[in-house]
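Same chain, two forms, each on its own as structure tokens: structure 1, then structure 2.
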Structure 1
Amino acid sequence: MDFRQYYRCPWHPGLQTVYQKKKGSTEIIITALTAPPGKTFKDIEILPWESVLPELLKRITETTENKFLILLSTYSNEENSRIAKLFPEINLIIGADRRKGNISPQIHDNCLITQTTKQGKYQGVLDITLGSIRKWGLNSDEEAANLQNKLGSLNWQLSRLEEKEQRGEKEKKRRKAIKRLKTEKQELNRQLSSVQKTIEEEKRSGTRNDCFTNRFIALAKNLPDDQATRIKVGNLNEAIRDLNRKAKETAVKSPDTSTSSLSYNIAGSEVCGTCHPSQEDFWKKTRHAKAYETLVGKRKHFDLSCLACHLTLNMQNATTANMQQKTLLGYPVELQSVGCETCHGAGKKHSIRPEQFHMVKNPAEKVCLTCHTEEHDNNFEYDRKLQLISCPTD
């Protein structure tokens, strides 16, 4: 299937009704929301949720009476709670916030928001018991049992302490504990009678809240991969590598030298080094200078999904998003690895007339973050890492 077509919904770009199924008298509807990605696609526009959700939800709620609406969302957790606030008809949001791991279920304005962390590192079971009214609440039976357990253990503690007290072992600390436990007991009894009232009320009126329980489990890091899947992924990677190897041969034979090419205004680290030898010596000792070799070592230098961050591109005004990936395969040899101009901007003009055309001296944090994304570097702190790669002054 063409990847792009998969994403394109002719009516609501970036948004599709995925799934609809009846359970009892409740219609379960799952719909999904894609946050506009860093990447831009030539023929697809992904609109923000503000402009697509109102109309879509109106359509869904118009036609369905008794429904339970689930939204899968790649937006941030904060954005998801904004969505929950604005659209009370959504009952459950399952997130995929890249910056967060597990988020245990939390009720925001009667919408449950939760996520398990990405890439299969966690498994989660969220058990939902649908009630007769669309309002999140406690499972009263379970809650009553829970409170009863707590009361039981509290009573046992109390009786032990009171026994000692009767034997005449008077102690200030113990008296305090007894007093505290008695207050707790009162509170538990109060909660229990309130839950019991709810249970009676539910029985009488026949209404029940929606309720949930969840178990999220972290998988051990050293858990072996599934062999069959591993072989499939390996074969797919081989096939991609072969295709790209062929594409590279053509790209090298006729490199893109147009003024619009990614490398057009870039001189290359070797040129910079002729006038800035001390910075070049320093840079050569950093891993940036070996970034391309790293890919070669992994046999990944034909892989378009790796190259963008392991080459010298002008990051001052580019994002990995707007790179025409094909040209990366035939990228000039002297611009392999993360060179000077990645941080200081393209410097062809500066290399000819340095006093007239100046370079960026301090690369801003956002320059680093185009490559040091959460996915590839999960402990990037600008100030600390900047020190490690700051070139020396002459």
Structure 2
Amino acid sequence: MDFRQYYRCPWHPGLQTVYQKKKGSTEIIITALTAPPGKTFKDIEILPWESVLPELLKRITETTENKFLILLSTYSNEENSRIAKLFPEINLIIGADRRKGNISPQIHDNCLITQTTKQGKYQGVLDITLGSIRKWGLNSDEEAANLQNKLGSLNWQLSRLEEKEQRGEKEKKRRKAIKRLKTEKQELNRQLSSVQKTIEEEKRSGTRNDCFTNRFIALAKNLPDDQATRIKVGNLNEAIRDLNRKAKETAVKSPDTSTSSLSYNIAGSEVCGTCHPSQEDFWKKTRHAKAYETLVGKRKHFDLSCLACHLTLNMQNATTANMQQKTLLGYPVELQSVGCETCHGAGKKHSIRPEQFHMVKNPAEKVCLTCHTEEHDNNFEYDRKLQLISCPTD
């Protein structure tokens, strides 16, 4: 088997899909678990894996004898380790822990756990050779070949040093090296002998463990897109845009009350400019002012996952995770940019009574990180970026 981890799987909450394929006499079974999202979904019940997985695995094991079970999981690496301990029937877990990046294959209670980093920066290639028993072990033939190679290299080093020793070029440091290499040679011979006995036993008994090799391949950013995949993704994005375009038309005709609540206390950058003209002029030259135009240029202005970070929202008291994103489709035109109040807080009350209601001078780093996540800005430095957008003082 050759598992190529090209992606981080956006499995839908609550989905229980089982993919099954036969490899020789072994049934390869793939299923998935999705960690609970940060928001709720109407008419969708999110169940913990503790209540879903036991029944799912029971159904699989009852219908399949010789199986190799793979679990795709968006849970944390720690939670995946717990799952591996509780369910020894799972042979492989391919994770998607955003915090961990590449995880070289690790065996936990006879379950192999691994993942590649996010954003397609690496391709993980996991080659698995199925044995006759479901237990992870070494590929004895490959291990014997590696030991033979190491032994050959060591013998060459040893012969070079011994030649110099025979010519009378005696040196204390060289003698120590010869002694060390001879000790290493004895150990390699011992390991090789042990592996060769294992190979003989495997041939005699006809039983072999499952074994694997793994490598991570760094992917260049300038790799060309796969044409067929690019077309499919483009068609999917176009269909999503059409749905959201229709939803926006409905939202404009019947403004949602939650949309109004999001923008209720926000005055807009033009109002700010009546008292702070130099600051408004400066802001207009920043990328924040053209944030929504950027979406329009890329035809992403109907993409719900993008909108929240390209509009004027009071990020002092909100996060993109807890917003009802569909309500943003009907957001007021005058607030379609990352305006002053995104960083400094809602300013309607301040515009009426500035001596009573004060604004936040500099946004805290956590406010910036609401949108400048590693996924969208992996070069974000708070102090440096703050200097770039800091308005001139009066």
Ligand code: HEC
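Each residue is numbered by where it sits in the sequence of structure 1, with counting from 1. Since the structure is predicted, the reported quantities are computational estimates derived from the model, not experimental observations. Think of the rigid core as the biggest set of C-alphas that the two forms share within 1.5 Å after superposition.
Chemist: The form predicted together with ligand HEC: is that structure 1, or is it structure 2?
Modeler: Only structure 1 matches the form predicted together with ligand HEC.
Chemist: Rigid core fitted, then: does Arg287 show a CA shift of 2 angstroms or greater between structure 1 and structure 2?
Modeler: Yes, shifts by 2 Å or more.
Chemist: Taking the rigid core as the frame, does Leu307 move its C-alpha by 2 Å or more between structure 1 and structure 2?
Modeler: Shift of 2 Å or more: yes.
Chemist: Determine, after fitting the two forms on their core, whether Gly152 shows a C-alpha shift of 2 Å or more between structure 1 and structure 2.
Modeler: Gly152: C-alpha displaced by less than 2 Å between structure 1 and structure 2.
Chemist: How many angstrom apart are the two C-alpha positions of Glu375 between structure 1 and structure 2, if you fit on the rigid core?
Modeler: Displacement of the alpha carbon, after core fit: 4.0 Å.
Chemist: How much does the C-alpha of Ala228 shift between structure 1 and structure 2, in angstrom, given a rigid core superposition?
Modeler: Ala228 C-alpha displacement between structure 1 and structure 2, core-aligned: 7.6 Å.
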